[in-house]
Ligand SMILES: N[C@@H](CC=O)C(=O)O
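Next up: a single chain in structure tokens, the form predicted on its own.
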């Protein structure tokens, strides 16, 4: 997969009764894929409420996306346990996925991981499914953040084509990213630091972000400025986005950010409503007004080419 551009992580649209709204999800997929520099769509992750869907819903959503667009569909693989994750990946491949964003066992967030276990997880997923894999580096604040040796070992394994790095510790970023690049020159480096992208923009091949849902146009320009090492332009885009960044991502948690993303899509006219699933909670009228005002402040208006994309 060529991921050298923007890989949005779309939300999952629901009907007001809570069912998956496949028509609305296809609308999101076609709109995002209409941008030349959108290189893949990453579904069933945190922004997509992937762990809140049934297995049948997840596989049907992959099928809907794969039928709707001609770019790679990357599925979040979240199953707890190596065998479970491998079987999940095989089913995702059969449904039409091209890639796998491999989440760590969520038990590792609390308890940490044993040496060699992450490598085995990636190996089993690749051997069971053949899905091209993205190494997912969790924040340094968690116990599921891989040390450099573990990252290097995973990156060297067959099937691993990219890393989505969200370490959120720039001391580690500035040391570990150059070493990953030196060891694996073909490994594509993708940042997922939605809440403060600017410091990472000059070292990456692209972005894999939920932010890509709501402002793909500006994020594509930000990627181009970063690759050109054009700091003034990148800084200007970052400053323009800052009201939206604050309203969506400078919240209590990334869980709230998922709800805010849906409100942003409502503001842009891509969604009619921001229905979510438990355990997510609505943010309330004041937050909705704040988010809508942030889009106005950034000059990000309604999508004009939505029908054309469909």
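Positions refer to the first chain, counted from 1. Note that the coordinates shown come from a computational prediction; the quantities given were computed from them, not determined experimentally.
Here the subject shifts to the form predicted in complex with the named molecule, a form of this protein not shown in this document.
- Using a 4.5 angstroms heavy atom cutoff to the named molecule in the model of the complex, all of 103, 194 and 254 count as contacting.
- Under a 4.5 angstroms non-hydrogen atom cutoff, the named molecule in the model of the complex has residue 168 among its neighbouring residues.
- Interface membership of residue 46, defined by any non-hydrogen atom within 4.5 Å of the named molecule in the model of the complex, is confirmed.
- The shortest heavy atom separation between residue 136 and the named molecule in the model of the complex is within 4.5 Å.
- Using a 4.5 Å cutoff between non-hydrogen atoms, residue 121 does not count as a contact of the named molecule in the model of the complex.
- Stretch 160 to 168 is the answer when you ask which of 144 to 152, 160 to 168, 92 to 100, 226 to 234 has residues with heavy atoms within 4.5 Å of the named molecule in the model of the complex.
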